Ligand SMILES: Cc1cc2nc3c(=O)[nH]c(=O)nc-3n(C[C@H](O)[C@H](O)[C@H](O)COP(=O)(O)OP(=O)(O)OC[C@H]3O[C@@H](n4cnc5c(N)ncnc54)[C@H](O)[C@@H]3O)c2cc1C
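There is one chain below, alone, in structure tokens, taken in the form predicted on its own.
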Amino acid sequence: MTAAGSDVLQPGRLWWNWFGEQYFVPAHTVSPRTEEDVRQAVVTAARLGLPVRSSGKGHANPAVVPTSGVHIDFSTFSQVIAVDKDLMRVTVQPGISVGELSRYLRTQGMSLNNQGDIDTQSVCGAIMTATHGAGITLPCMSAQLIAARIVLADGSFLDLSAEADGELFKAFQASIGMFGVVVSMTLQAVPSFNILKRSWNADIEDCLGGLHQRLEDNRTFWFFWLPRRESADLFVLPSGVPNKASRDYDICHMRSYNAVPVDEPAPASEPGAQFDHSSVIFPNIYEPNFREIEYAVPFDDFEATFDEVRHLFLTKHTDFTFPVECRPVKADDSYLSAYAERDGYALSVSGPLDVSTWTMLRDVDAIFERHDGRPHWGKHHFMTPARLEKLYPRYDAFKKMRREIDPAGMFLNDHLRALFA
């Protein structure tokens, strides 16, 4: 082992994810300060015959991080490396959070085109798992990636770009860290914008009846279905919003988001409305008190899928009260995102961190399977190779490419090996 390798690889430290569901102690932990630290970690791991996995902020539900080998912890490898204001591009280290980047871009006259409603996860993790916001014209965050630099299994650096690397880049965009260890990412930003957000409650019939018109009329529209009176409290959804519902259960908490140029004055205040920069309005506060699955069904299958999920909660799993979150996402050209070459509608279903939740999630998964639902890679799922082959036209091509770039499977772990070896 080289002196540099000895310095970089430290005794393994206990790691756990945001939900407290996944935890492990690897043989070695690495807290890199430079790209060379990452390279030395991979070279040394290869010499020792150890697998390598990395993590950002730990927001993934499934066991995508745990490894018996080398864990590269990017929680402090989180700086902005470069910004190009003319091209509106920014290059960052993998550990920077979505919120940190979004707030930095504000100081540079830029915004992320779209983001999810949690901004404390790492940008790298969000992109590698195809995390998303909502909007029928807005793809997932993987589509904002235009270049990346990774360390391969042999310790060499590989610079990838959408322009130069074609199919390899498309496969890499949502590859859950299976091609190599990311040391930098370049994202395409947009001119800075404010958001006028409106929130209100209404009956489910009103929500679904006007759904497609609202999707057309707003940059972003999404809703939470609230099966019970107490549902909103479990996701810290705001109270005091305009209430058009005729009852206090089986209703929807609806939201519209529309961009406003930063040089335009703030609109007059109104009940249930918020107005501020995109970095402020996009994120919500969530308590990690839930276990979640999220699948995206084909856009045209959303109403039928939602109807089955709603029926399941109103008739069988009446003790489960968490909201069901529903968001449309535009197709992209990646190999493995839930929206690969297909417009999708994501349904997120949660339950408490209790063993009984698994039975409910299995029942929901059966509904999603009937409707060709694809998983969010950062949430729990029940995928098998047979299901993935059916759902993803490029699944076999992805596996072939992964084997070519990492033939020994250094960047796999038990969870990923079962699906992508």
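Nothing here was measured: the structure is a model prediction, and the numbers come from that model. Residues carry their position along the shown sequence, with the first being 1.
Keep in mind that the form predicted in complex with the ligand is missing from the display, and what follows is about it.
Scanning 170, 228, 327, 317 against the ligand in the model of the complex with a 4.5 Å heavy atom cut-off leaves one residue, 327. Residue in contact with the ligand in the model of the complex (any heavy atom within 4.5 Å), chosen from 286, 275, 299, 200: 286. The shortest heavy atom separation between residue 194 and the ligand in the model of the complex exceeds 4.5 Å. Contact annotation: residue 67 falls outside 4.5 Å of the ligand in the model of the complex, judged by heavy atom distances. Mapping the unseen interface onto this chain, residue 111 falls outside it, with no heavy atom inside 4.5 Å of the ligand in the model of the complex.
Interface residue remark: residue 215 is not counted as part of the site for the ligand in the model of the complex, having no heavy atom within 4.5 Å. Against the ligand in the model of the complex, the set 124, 180 and 378 is in full contact: each member has a heavy atom within 4.5 Å. Only one listed stretch (161 to 169, 127 to 135, 250 to 258, 303 to 311) carries heavy atoms within 4.5 Å of the ligand in the model of the complex, and that stretch is 127 to 135.
Of the residues in 58 to 96, those that come within 4.5 Å of the ligand in the model of the complex through at least one heavy atom are, in sequence order, 58, 59, 60, 64, 65, 74, 94.
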